[in-house]
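Shown below, as structure tokens, is a lone chain in the form predicted alone; questions about how it binds or moves come after it.
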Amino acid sequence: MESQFIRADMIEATEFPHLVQRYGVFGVPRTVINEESSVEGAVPEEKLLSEITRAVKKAV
């Protein structure tokens, strides 16, 4: 899925411990969506898309 409204950033957890603490990272990858919800670990594409859709609906 590609959209001009979606931005993704990847960080190295050991280099940014303040972000690890801010987002409560316990496992990787951790995907944070709109600062509202997150998915931890490798999840199936359907699960990730479901979480993104749910977060977008909450934001509207």
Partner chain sequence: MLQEREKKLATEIFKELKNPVKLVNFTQELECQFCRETRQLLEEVAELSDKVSLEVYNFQLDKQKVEAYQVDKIPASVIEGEKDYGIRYYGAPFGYEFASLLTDIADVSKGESNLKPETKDDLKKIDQKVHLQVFATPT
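Positions refer to the first chain, counted from 1. Note that the structure is predicted; figures quoted are calculated from it, not measured.
There is also a form predicted in complex with its partner chain; it is not shown, and the following applies to it.
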Classify I11 as contacting or not contacting its partner chain in the predicted complex by the rule of any non-hydrogen atom within 4.5 angstroms, answering yes or no. yes
According to a 4.5 angstroms non-hydrogen atom cut-off, is V43 in contact with its partner chain in the predicted complex? no
So which residues in 27-51, when you check its partner chain in the predicted complex, have a heavy atom no farther than 4.5 Å from it? V28, P29, R30, T31, V32, I33, N34, E35, E45, E46, L49
